[in-house]
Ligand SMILES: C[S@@+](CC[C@H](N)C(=O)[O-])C[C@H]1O[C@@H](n2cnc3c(N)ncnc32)[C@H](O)[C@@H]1O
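Next up: a single chain in structure tokens, the form predicted on its own.
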């Protein structure tokens, strides 16, 4: 089985833990590396709740470490389902939430997922298999302009319209797409040293669309504002600029309109003025960590939490 190496492990745990006896959520359980490290730091009444939208990740965690620790619970939940999952566990507030937004190596290297341009398999791309549409099904019902929008916005891919046209033609010629057929459709548009990067951007864009990843991240930020206790922390590791900008904006301290106006109190106090990046040694050992950016913030005291949007 492929091994997943947790990114920015010591940094994430250092920012996350404020009280060794607290309750912490690893919202992206994945291979369990971050959860195990957090468990090593908690004591007494401390507790770690591992969540993941991928049921395979949850089942792995229930069969092996960190499940062997009595203070660990694993549940299947998307970010948008986190608050309901915590309520079911009779947990109304937590001391910290950690979210590593990247794919696990286990997911990326599994051909049946269709997540990698260098693995042949069905074009599924769902991180949560209960989602109704695979990437191929989504492409089948989407027009060229919509596909181009995803490629440009979610993947920041140059020549997005030409790539969308090539994808539509490939599907018309072959019917259901596989990861190899998708690669073959767009690869001729991108030659030279940037080819691998462009392929990765295209696959990323479609994965983000299939899994509504930006909508789920917004749900995470909204939920954290309600369930993290004052003094607790939210730590997010992002891998592309869209995610990182959303987190940066959520953590941004308020600014006065002019020199005579006091800013409103901020819900979050940033702990990382600039994103924390992996060092050269970590990137050498784990090249997939190269684009990681960690941001952390502490929940401020005496600031009303964000209301639930469904209740507002």
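Keep in mind that this is a model prediction, so the values were computed, not measured. Positions refer to the first chain, counted from 1.
Here the subject shifts to the form predicted in complex with the named molecule, a form of this protein not shown in this document.
Residue heavy atoms within 4.5 Å of the named molecule in the predicted bound form occur in exactly one stretch of 228-236, 93-101, 155-163, 189-197, and that stretch is 93-101. At the 4.5 Å threshold, heavy atoms of residue 53 reach the named molecule in the predicted bound form.
Among residues of the shown chain, residue 240 is not one whose heavy atoms approach the named molecule to within 4.5 Å in the predicted bound form. Proximity of residue 116 to the named molecule in the predicted bound form falls outside the 4.5 Å heavy atom cutoff. For the chain shown alone, residue 177 is not a contact residue for the named molecule in the predicted bound form, no non-hydrogen atom being within 4.5 angstroms. Screening 61, 38, 247, 27 for any heavy atom within 4.5 Å of the named molecule in the predicted bound form leaves a single hit, 27. Counting a residue when any of its non-hydrogen atoms is within 4.5 Å of the named molecule in the predicted bound form, the one hit in 110-129 is 127.
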